[in-house]
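Below sits a lone chain in structure tokens, taken as the form predicted on its own.
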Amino acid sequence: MEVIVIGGGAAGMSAASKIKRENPDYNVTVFEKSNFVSYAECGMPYYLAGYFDDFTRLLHYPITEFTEKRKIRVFINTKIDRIDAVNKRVFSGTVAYSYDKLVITTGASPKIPDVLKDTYSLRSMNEAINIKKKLENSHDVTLIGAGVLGTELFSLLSERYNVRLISKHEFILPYLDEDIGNILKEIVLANNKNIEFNSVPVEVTKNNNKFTVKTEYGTHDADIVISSTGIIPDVSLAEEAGLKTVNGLISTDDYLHTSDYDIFAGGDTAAVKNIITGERQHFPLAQIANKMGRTIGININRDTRKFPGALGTTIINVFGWQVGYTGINERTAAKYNINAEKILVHGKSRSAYLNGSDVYIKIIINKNTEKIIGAQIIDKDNGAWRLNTLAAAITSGISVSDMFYADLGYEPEYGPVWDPIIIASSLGIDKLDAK
């Protein structure tokens, strides 16, 4: 059996490894257009902020782990230009490679508007290395975009540089609902007030390795401008091969087959079912990509395991606060006509005598089913476990009452006996009972 994987990122290497582990006699070949495979994109902001200086620490494994130990053929610096699905071949230039099964994990590329074409972007290992070199002789940094990447870069780079953030929204992390978003806005401004809200660049010029950025608020200079204005799934290969797409993503079924049964797709280029809404959408997250790759590896011979979908659970470091969300927000609930109730609580991260920090937790409840369908959190201590607890609850489809009565462990250093999760669940029950 000849299996070809296009793309050596999280989904691609996870798929290749699982396929080879389950089928040692299969020939598995990975084509990666860059010179790196299997690296940690989520660690790049920490690398740029000087938490470590050796970029090889971002590599999950050296390439020899795959080629020598796992016996996977890996071609780096090799771009696949065309898929001939009828004859089951892929082409790199004029060289053709035949396959029995094909896995497309081509990822996504930075979405850079024309006005920002001369700025830096952060998506690949090579881009991270280039930005790191530029930062060595930089003082003033401008960041465009206040989503997940832009916000985390703003937080981490502010430790070493004079950083300005430009957000086209009223607050940062626009997926957050307005109430908890405004709380985060106050926290961020207390750490760095150099933010332009409701602002977009109208002109960016580069001269002698310096940048001049013009917005409607004025003009400023910067040593480096980094754009984090979104990403575009790389679906052109799939589209040219005649594969179906949905919402700009490669369409897949529950077993991650594309519209061609012998071609699978996963990672940032593939549509993923939203567990709450059922919509096929974009979840460009490492956990999801790795799990999709593993699921493809399991299903390469037969439809054994369904990929259940995702919630888009996200958590980042914002000036020492753990900020995140999972499931849907109020806007999404309204879009799908879900009869929703919201609960926002302000609690403490530890028992009072251990001087816990502030915790803000918001849960969204489907009033018809009484299930928790979304959560958002701002927390300095143990925010990750609180968010992950709620993500597990939403995935399992438990009710707010079940969440209240869940037998969570209690230890004063890790949370008060009335943890903010329990308080939010209790208030949710009260609201539902009142109606």
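Since the structure is predicted, the reported quantities are computational estimates derived from the model, not experimental observations. Numbers follow the displayed sequence, beginning with 1.
Heads up, the form predicted in complex with a small molecule isn't pictured, but that's what we're talking about next.
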Which listed residue (L249, I80, A85, I131) meets the criterion of a heavy atom within 4.5 Å of the small molecule in the model of the complex? I80
Select from the listed residues I183, A310, L135, L122 the one whose heavy atoms reach within 4.5 Å of the small molecule in the model of the complex. L122
Among 382 to 390, 397 to 405, 366 to 374, 43 to 51, which stretch has residues whose heavy atoms lie within 4.5 Å of the small molecule in the model of the complex? 43 to 51
Output flag, K33, T106 and L285 jointly within 4.5 Å of the small molecule in the model of the complex, heavy atom basis: yes
Taking the small molecule as it sits in the model of the complex, is A15 in contact with it (heavy atom to heavy atom, 4.5 Å or less)? no
Do P420 and the small molecule share at least one heavy atom pair within 4.5 Å in the model of the complex? no
At the 4.5 Å heavy atom threshold, is A424 in contact with the small molecule in the model of the complex? no
Does the 4.5 Å heavy atom contact test between G8 and the small molecule in the model of the complex come out positive? yes
